[in-house]
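Only one chain is given next, in structure tokens, and it is the form predicted alone.
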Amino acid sequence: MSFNRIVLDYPSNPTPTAASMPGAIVRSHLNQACTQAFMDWVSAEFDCSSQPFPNAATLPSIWEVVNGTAVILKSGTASLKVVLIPTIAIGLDELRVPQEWIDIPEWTADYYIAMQTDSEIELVGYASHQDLKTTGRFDPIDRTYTLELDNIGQDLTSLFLSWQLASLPITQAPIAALPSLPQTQAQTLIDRLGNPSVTFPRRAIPFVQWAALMSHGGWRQQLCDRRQGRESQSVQTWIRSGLFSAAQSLGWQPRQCSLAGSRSLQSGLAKPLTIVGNPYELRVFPLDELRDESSAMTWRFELRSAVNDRIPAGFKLRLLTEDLQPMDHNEDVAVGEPETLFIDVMLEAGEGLVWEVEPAAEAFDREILRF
């Protein structure tokens, strides 16, 4: 190649990641090592911050079925989203990107970086979303977009410097929105594809259905759990048992919660959030005493500042069904500057909800809380 090779050290102790079968284990290990090495390198070389997209907790559910890792870089007010595409192929001669990273609107990036790894990791080259979408070769069987190495950029140092100088060209091509996926259909697909005997689930159903399933973080996590033989646990189970390892892997922590003006404490869960650069906490706890797990119960979802500030006017806390449909009285909007936003909801055993806040929390990915 005509530029100085960028070679990164292979991380010495990547954290083991669970996966359902040998191919997924290799994919998870490879992506984790390459992501760690890249983030360390780019942050040191270009004085910028980096974080995986949507967030670190969601990556195993992606790696279970799709190769690649998205990383968001930030320098001052500028941001850049890249997708790392690692391979162990010898004699790499092309950049091959899974269709999910090109055609799922929430997953698209500015640039895609080919990485070749063995005992060391080499940054081979890059292409923009527009390059891959408009001039790349699409393989409908493998569901990938491909560019030969002769047709991709090779000087990553210049690319990142140009980004910091705000002199990059248009990077993304337009793509179509995804149709909605009804909950009953989503559950049928999860039941079918959750069987690890389905070796290539991403190619087993039409892409628009697969993409809708993947773009919903809660459904994607359900699919990953099913393929790895884990049973989904309810919030009540987490609280009642006091075994919070599954909750913590998804970013939740145990918390003693109380209603305003009350001295009594109730066991619940809390998730730290960053909204518009400030720390908040989303709390979920029962308003009733924990009873038999088959009983309906009333639960409170509560958003509050993590530093005792008030919530700015216009902030919203919202609850949706699993397939993202609104319900009656499912939203609380900050009028003035309240101390908290909260929604009380009675839920039957096994019922699931999706929460969201507006403005959106940083590193947000939809999840399903089951009660």
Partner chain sequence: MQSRKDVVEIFSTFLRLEADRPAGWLVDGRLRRRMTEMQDLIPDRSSRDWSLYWHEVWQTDQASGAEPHLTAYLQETCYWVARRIATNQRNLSWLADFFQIAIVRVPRLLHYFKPEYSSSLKKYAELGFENSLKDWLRVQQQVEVCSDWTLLHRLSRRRLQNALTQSGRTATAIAQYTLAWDCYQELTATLKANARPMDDTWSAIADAYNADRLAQVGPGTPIATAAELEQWLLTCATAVRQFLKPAILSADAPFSDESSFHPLDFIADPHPSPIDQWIIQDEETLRSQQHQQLQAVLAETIASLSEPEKNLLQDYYSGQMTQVDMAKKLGIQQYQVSRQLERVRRSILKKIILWVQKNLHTSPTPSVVESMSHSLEVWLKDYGRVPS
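Residue numbers count along the first chain shown, from 1. This structure is a prediction, so every number in the text was calculated from the model and none was measured.
There is another form of this protein, the form predicted together with its partner chain, and it is not shown here; the text below is about that form.
In summary, among the residues 79, 188, 241, 167, the only one with a non-hydrogen atom within 4.5 Å of its partner chain in the predicted complex is 167. Though its partner chain is absent from this view, in the predicted complex it lies within 4.5 Å of a heavy atom of just one residue from 345, 324, 26, 59, which is 26.
Stretch 150-158 is the contacting one of 100-108, 281-289, 215-223, 150-158, since its residues have non-hydrogen atoms within 4.5 Å of its partner chain in the predicted complex. Shown here without its partner, the chain carries 89, 93 and 200, all of which come within 4.5 Å of its partner chain in the predicted complex through at least one heavy atom. Taking the partner from elsewhere, residue 177 is found to have every heavy atom lying beyond 4.5 Å of its partner chain in the predicted complex. Under a 4.5 angstroms non-hydrogen atom cutoff, its partner chain in the predicted complex lacks residue 231 among its neighbouring residues. In the predicted complex, residue 46 approaches its partner chain with a heavy atom inside 4.5 Å.
Although the partner is absent here, residue 358 lies well away from its partner chain in the predicted complex, with no heavy atom inside 4.5 Å. Residues of 109-136 placing a heavy atom within 4.5 Å of its partner chain in the predicted complex, in sequence order: 117, 118, 120, 126.
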